[in-house]
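Next comes just one chain, in structure tokens: the form predicted alone.
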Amino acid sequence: MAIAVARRERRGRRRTVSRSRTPYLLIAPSVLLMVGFLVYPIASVFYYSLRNYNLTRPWGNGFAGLENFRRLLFEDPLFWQSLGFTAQWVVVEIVLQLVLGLALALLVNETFVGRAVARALVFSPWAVSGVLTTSIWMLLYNPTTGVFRYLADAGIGEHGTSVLADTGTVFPAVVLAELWRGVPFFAILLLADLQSIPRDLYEAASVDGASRLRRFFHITLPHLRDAIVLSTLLRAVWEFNNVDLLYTLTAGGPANHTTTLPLYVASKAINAKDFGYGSALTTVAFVILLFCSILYLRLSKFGGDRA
């Protein structure tokens, strides 16, 4: 009898252990994929950032320690220039995209004839690929066949004007092109959140005599807070890593005036074959993004009480 009881207890313990291991076995494939496609590449970048790894000078390859970081911090003015332009690019784009996207979301959230068509037109630029977007804007900015040729024919400006080759106009030109693609992103996310706001709140505020502006600041914006924080964070990361539009339109020029940090990384790692220095630049960009993202989420109290 005692032997039978002991056997049942052992079987029960084995079943308990088997059940406790089942969740880990089920998530193991996903964990392995994350390690292979996320953790390993990041670890590789950190590893090569501590090495001299230049394919054009293989005799100098080897362990470098923090030399690459000392070099970019103290001997590379183009690093600081590209970092400064990246910060300017991200701030200007996010602010303008948020304001215009919120305005569009509020507009297409209203009830009017043809609202479905208007929404489709507003959101359509987001479905266009980055390279195709830049091709469209390159045609528009073309000095001989683009819009500035017709403006010159009308007496506005001069023939042969190339806004992408002028250091005084290249920044507004690339900002405008990216706005066309980025504004629908904010409009889509904010419109989805706008539709979740109870209409009873607006009706009660109207009965109490609240103006349209007061309803916007006291009802709409508080309910959109989390959506605004999330969308601005996601878009800031994407704009920080923007390569396709700037590379296709200007390739970082003229005179490196539109060179962002990711473009500088591509120039060093891919064009110059200096993968060690490119990895150091990538590591610095990763640390900057991580620090700014955590700080932004903490300051904005994302997911916290709206009160």
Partner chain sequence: MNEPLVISRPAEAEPAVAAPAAREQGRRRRRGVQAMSRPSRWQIYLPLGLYLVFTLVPFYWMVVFAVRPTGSDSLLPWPITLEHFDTVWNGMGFGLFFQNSLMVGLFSLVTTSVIALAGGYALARFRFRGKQVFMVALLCTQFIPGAMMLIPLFEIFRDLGLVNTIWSLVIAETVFQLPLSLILISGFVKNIPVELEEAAWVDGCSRPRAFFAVLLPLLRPALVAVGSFAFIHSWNNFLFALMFINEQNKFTIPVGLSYTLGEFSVDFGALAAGGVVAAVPVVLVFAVIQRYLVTGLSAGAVKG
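Positions refer to the first chain, counted from 1. This is a predicted model, so every value here is computed, not measured.
Note that the form predicted together with its partner chain isn't included here; everything after this is about it.
Novice: Within 4.5 Å of its partner chain in the predicted complex - does that hold for a heavy atom of every one of 23, 104 and 123?
Specialist: Heavy-atom distance to its partner chain in the predicted complex: all three under 4.5 Å.
Novice: With its partner chain left out of view, choose which of 156, 91, 116, 221 has a non-hydrogen atom within 4.5 angstroms of it in the predicted complex.
Specialist: Selected option: 116.
Novice: Just give me the single entry in 83, 72, 173, 189 that has a non-hydrogen atom within 4.5 angstroms of its partner chain in the predicted complex.
Specialist: Contact residue from the list: 189.
Novice: Is there a heavy atom of residue 229 lying 4.5 Å or less from a heavy atom of its partner chain in the predicted complex?
Specialist: Outside the cut-off, so no.
Novice: Is residue 145 part of the interface with its partner chain in the predicted complex - any heavy atom within 4.5 Å?
Specialist: Answer yes; at least one heavy atom of residue 145 falls within 4.5 Å of its partner chain in the predicted complex.
Novice: Examine residue 282 and determine whether its closest non-hydrogen atom to its partner chain in the predicted complex is within 4.5 angstroms.
Specialist: Result yes; residue 282 sits at the interface with its partner chain in the predicted complex.
Novice: Test of understanding: in the predicted complex, would residue 169 fall inside 4.5 Å of its partner chain by heavy atoms?
Specialist: The answer is no: residue 169 has no heavy atom within 4.5 Å of its partner chain.
Novice: Going by its partner chain in the predicted complex, which residues of 34 to 55 come within 4.5 Å of it through any heavy atom?
Specialist: Going through 34 to 55 in order - heavy atoms within 4.5 Å of its partner chain in the predicted complex - the hits are 34, 36, 37, 38, 40, 41, 42, 44, 45, 48, 53, 55.
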